[in-house]
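What follows is a single chain, given as C-alpha cells, in the form predicted alone.
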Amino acid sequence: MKLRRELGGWLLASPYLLSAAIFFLIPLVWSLSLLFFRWNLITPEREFVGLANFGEALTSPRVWNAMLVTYKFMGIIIPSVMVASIGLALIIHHIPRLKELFAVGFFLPYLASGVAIGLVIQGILSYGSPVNEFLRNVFGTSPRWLRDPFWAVLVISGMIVWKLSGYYALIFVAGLQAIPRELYEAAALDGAGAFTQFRRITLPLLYPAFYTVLVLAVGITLGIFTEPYVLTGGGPALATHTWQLEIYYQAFERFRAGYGATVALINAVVTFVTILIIRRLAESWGARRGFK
C-alpha cells in the first residue's frame, strides 16, 4: 500500500516534473554546455574558446550598461510598488462592502498579457493619440514618451508598478487582516492618532507580508524583458536595455549562443547574490522587531 501511494504521488506530479525537465532542466544543461564554445545556432560545428566568453562578458560595456539599467529599474519599481500596494491594501481593507469584488478588480492587471498591455500603452502614448493632442493643445508640447530616455524609463516602470500592485496588495490585505483589532483600540485609548497607529502598529506587524512582497518584486525586476522589448526595444540609446534584453540580443539576434549563455549565467549569479543580500537585510530589520 505504501508503494502504491508513492507511485500515485509520483504519477500525479509527473506532468509538472516532465514540463520542468523539458522547459527548465534540459535547457539549463544545454546552456551550461555552451559556455566554453562559440556557436551560431545554425551550423552543427562549435568552436571551443575556453574562458574567452567570460572575459568578453565581464569587460563588455553593453553588459555593464544592462546591469546598471536593471538596477535602475529596481530602484524605481521596488519603492513605488511597495507604496502603491500598501495603499491599495489599506483601501481594500477599509471598504465596508464588496471587498472581494474590489480585490479581484485590482488583481486583474496582473493576469493581463504584458505584450497586450504594451501595445495598448504604445497606442495611448503615440504622437497622434488623444492624450498627446490634449497636452499640445493645453501646454503647447507633449513629451516624447518612448523616445526620451527619462520618460521611457518612467513609462516602463509605471507599467510594471501598475501590473504588480494589485497582486501584492492582496498579500498586504492578508497581513492587515492578521493584525489584532485590540491593538488599535488600545492605541486609540492612549491618544495615538491614525498616522501614529499606522507607523507604530500597522507597518511593523506587516513585516511578513513586506518580506514576501520585497523578495518577489526584486526577483521580477531583475528579470524584466517583455515591457522594454515591446515598448522601446531597449532604446533610446540603450536607456531601457535590461540584462534579459542583452541575453536575447546576443543569442538570437547576433546568433552568439555561447556568449549569450555566458551572460545569462552571470546574470543568474548576480540575481542570486542580490536577492540573498536583500533577504539578509530584510531579515535583520525584522529580527530587530521581534520577527525570526
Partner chain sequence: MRNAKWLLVGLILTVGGAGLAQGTVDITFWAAPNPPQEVFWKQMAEAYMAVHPGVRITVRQMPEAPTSEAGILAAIAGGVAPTASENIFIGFGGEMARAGAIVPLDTLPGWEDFVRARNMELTIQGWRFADGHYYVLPVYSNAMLFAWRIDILRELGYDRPPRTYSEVLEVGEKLKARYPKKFLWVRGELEVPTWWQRWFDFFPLYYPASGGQQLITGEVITADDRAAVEVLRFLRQMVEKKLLVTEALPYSLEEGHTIMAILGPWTFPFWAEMYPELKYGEHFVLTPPPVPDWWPADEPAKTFADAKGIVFYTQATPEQRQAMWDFIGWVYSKPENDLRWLEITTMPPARDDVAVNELFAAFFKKYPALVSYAENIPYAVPPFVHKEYVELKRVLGAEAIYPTITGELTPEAAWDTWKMLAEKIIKK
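Treat the numbers as computed from the prediction; the structure is a model and nothing was measured. Residue numbers count along the first chain shown, from 1.
Just so it is clear, the following notes concern the form predicted in complex with the partner chain, a form of the same protein that is not shown.
Contact check at 4.5 Å (heavy atoms) against the partner chain in the model of the complex: all three of Pro44, Thr232 and Tyr248 pass. Proximity of Ser33 to the partner chain in the model of the complex falls outside the 4.5 Å heavy atom cutoff.
The closest non-hydrogen atom of Ser113 lies beyond 4.5 Å of the partner chain in the model of the complex. For the chain shown alone, Gly128 is a contact residue for the partner chain in the model of the complex, at least one non-hydrogen atom being within 4.5 angstroms. The partner chain is not drawn, but in the model of the complex it has a heavy atom within 4.5 Å of Pro143.
Only one of 172 to 180, 85 to 93, 132 to 140, 103 to 111 places residue heavy atoms within 4.5 angstroms of the partner chain in the model of the complex, namely 132 to 140. None of Arg147, Arg200, Lys72, Lys99 but one reaches within 4.5 angstroms of the partner chain in the model of the complex through a heavy atom, and that residue is Arg147. Checked against the partner chain in the model of the complex, the residues Leu58, Leu68, Ala237, Leu51 give one hit for a heavy atom within 4.5 Å, which is Ala237. Annotation for 250 to 274: interface residues with the partner chain in the model of the complex are Phe252, Glu253, Arg254, Phe255 [heavy atom within 4.5 Å].
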